[in-house]
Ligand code: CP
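Consider the single chain below, provided in structure tokens and representing the form predicted on its own.
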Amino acid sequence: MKTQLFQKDFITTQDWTVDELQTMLDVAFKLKADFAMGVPQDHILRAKTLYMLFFEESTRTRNSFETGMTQLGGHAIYLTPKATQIGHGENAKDTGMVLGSYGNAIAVRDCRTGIGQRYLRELARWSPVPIYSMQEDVDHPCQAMADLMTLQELFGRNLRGRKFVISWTYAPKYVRPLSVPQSLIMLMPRFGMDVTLAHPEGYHLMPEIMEIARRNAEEAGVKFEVVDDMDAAFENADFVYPKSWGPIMVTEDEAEVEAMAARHKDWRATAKRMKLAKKHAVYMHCMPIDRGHEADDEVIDGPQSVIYQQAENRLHVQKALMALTMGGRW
């Protein structure tokens, strides 16, 4: 267990070692068990403050962070650019130094392509307190860690040799960022999983992230492959994660995005496709799900679905993150 994590930023899982990430999971499991048994936790971050800056709205992210901070005895403050001087042009240095002098951590959700993670890095350069990514254009580290926690909960800590599939799926209109699939292809190989990425032409991920995923797989001695066939990807899979994302490396024009997606309406998680995976395979999704497009209800609500467990584990992973990096009192 690595306990020297006080004041450490969490912008991407790549910045943490495997041992550090496993420490977060170990603490998350303890907090989850204690919460289930009614063990008080409100002394851990008593009187500490988290600033949550949202450039985009969210259901799970805001509520899991805010609820988690309350359960640990602290206070979370919801901010938007429009409700602060950021909307009037205040730069990252001024925002980070001022908020960092008031509170104990700053969490940011900023999925603007080419801007989000760079903004978090600039905040981290100046802020005297930890910076957390609540999702940006490159990574969604808290979601990926909640997904990993779910898999360890179901299948044990040793996941070596398991086949993890992240597949593009069809969804109309909304241009979803690349951060979830990118977070998964970077993180899962580091914990021993063979990772398959599946998508049609035009839905490729950032080249630099692909290179990190390949390097992580090589260092861990596991496989990382890319296929353009959803059925082939699902074959003999242990974990399947069918999710939509935009063709952001090609275009973000709404009309072009819709036209591209419409050519691949058959890329959907169905009961038939689930049968291609192993019998014990689980269906995963970060939510929100575009029901009837990304996946059929019989899959989403079926016995192999673990989506609500993933959503719950966001709370516990983020509580562990905050406790470890904000100097929790145990």
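It should be emphasised that the depicted structure is a prediction, and the values quoted were computed from it without experimental measurement. All residue numbers are counted from 1 along the displayed sequence.
Note that the form predicted together with this ligand isn't included here; everything after this is about it.
Among heavy atoms of residue 61, some come within 4.5 Å of this ligand in the predicted bound form. Not displayed here, this ligand is approached by residue 314 to within 4.5 Å at the level of heavy atoms in the predicted bound form.
In the predicted bound form, no heavy atom of residue 300 sits within 4.5 Å of this ligand.
Interface membership of residue 282, defined by any non-hydrogen atom within 4.5 Å of this ligand in the predicted bound form, is ruled out.
Only one segment in the set 39-47, 268-276, 286-294, 66-74 has any non-hydrogen atom within 4.5 angstroms of this ligand in the predicted bound form, and it is 286-294. None of 143, 133, 182, 167 but one reaches within 4.5 angstroms of this ligand in the predicted bound form through a heavy atom, and that residue is 143. None of 199, 109, 190, 162 but one reaches within 4.5 angstroms of this ligand in the predicted bound form through a heavy atom, and that residue is 109.
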